[in-house]
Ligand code: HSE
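Below, in structure tokens: the form predicted alone, a single chain.
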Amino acid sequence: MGNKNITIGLFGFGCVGQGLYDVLNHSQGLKATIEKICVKDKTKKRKIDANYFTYDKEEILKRDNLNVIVELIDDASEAMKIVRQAMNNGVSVVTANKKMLAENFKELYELQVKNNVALIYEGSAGGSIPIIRNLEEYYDNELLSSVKGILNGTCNYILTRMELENKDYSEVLKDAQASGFAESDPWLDVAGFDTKFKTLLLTIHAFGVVLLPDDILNTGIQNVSYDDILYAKQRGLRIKMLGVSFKSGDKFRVYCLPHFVDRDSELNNVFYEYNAVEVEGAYSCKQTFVGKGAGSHPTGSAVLSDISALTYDYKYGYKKLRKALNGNQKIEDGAKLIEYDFSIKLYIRFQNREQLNDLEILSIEEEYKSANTNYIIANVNFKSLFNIYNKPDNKLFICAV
């Protein structure tokens, strides 16, 4: 494309779509125009001219004058249909839909190869933090050992306010929903699913390992109480919801759990809706990227950066994944590289001991009982955490020590 004027078909005009529209209008040097915007709700008042909008996706997908389709809608299965059709039409795509990417990565990778088009998604894994492009370009030949981080602004916002304002979870969540920092149904965020989708994407770019969401264990902060915050506070620790992906011998450990983070960690001082990703390599040592993880303009700016990259024909090289595939590994073999059978040290708060029956507890280092709260610090077989995984009736709060 050689930095010429590019024409965009946009799907979705919610928080990120409007953010993109704003930052595009104030950008300098990028010659890009939004030709048409496809939206769902015909009754919603919009802040720009009604002529921009259509309610028929084919009106955009069938145009032959578009250089790029930008997909920013909530519905992952509908997003997949749009992206698939655009790529099969030979049009490159920018998206921020981590759920769609995580659930369909194998097909999306194959569509890129088959149609010789780009699919770029910097805004999907850390808001405004340019982490995917850095893993792709800066760390492409680095022997990485670990990528971990605070990847969900909602969780970090809730945990920060609980600690700094001495409030309980339900009170802060209600506040966060009222001020737009949490969805009306916050389950995907607070239960760790959003963190998991992002961790899955970072694992592909850091290690060349492709997983399905169900291959990765996630437990979230939905059962956190002020007692847990207090326990951490008294020991000079903070609770942070982390996505973790690291090399363990010739295997990988990938999971998403709340963690106690000590004062020596740069993740300790990341507050509110900010995200942070810590990358560790054999030669580059430890580096931490920090930025706003959510919000209209921060994510809009990441999407704009992707559009800009397309003006000079940028594509992800997937060097680590291609190397694995050239070594006769199949893209679906990623799960075989994941280690599940290991001991992990956890803080577990419970109401009654029967709640612990599903866990394989190897040893208990500390146990505390009172009228208000009971907890243990225990070494647990990691794979037994899958026994309580994604159960809405699970009332345990689990935190890695």
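Numbers follow the displayed sequence, beginning with 1. Just so we're clear, the structure is a prediction, and the values are computed from it rather than from any experiment.
Keep in mind that the form predicted in complex with ligand HSE is not shown, yet the notes after this line are about it.
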{"query": "Interface stretch in the predicted bound form with ligand HSE - options 234 to 242, 180 to 188, 138 to 146, 263 to 271, non-hydrogen atom within 4.5 Å", "finding": "180 to 188"}
{"query": "Ligand HSE in the predicted bound form: contacted by all of Asn218, Gly220 and Ile398, heavy atom 4.5 Å", "finding": "no"}
{"query": "Single option in Leu151, Val94, Ile131, Cys256 placed near ligand HSE in the predicted bound form, where near means a heavy atom within 4.5 Å", "finding": "Leu151"}
{"query": "Contact label in the predicted bound form: Lys98 to ligand HSE, heavy atom within 4.5 Å", "finding": "yes"}
{"query": "Ala294, heavy atom within 4.5 angstroms of ligand HSE in the predicted bound form", "finding": "yes"}
{"query": "is_contact(Lys196, ligand HSE) in the predicted bound form, heavy atom dist at most 4.5 Å", "finding": "no"}
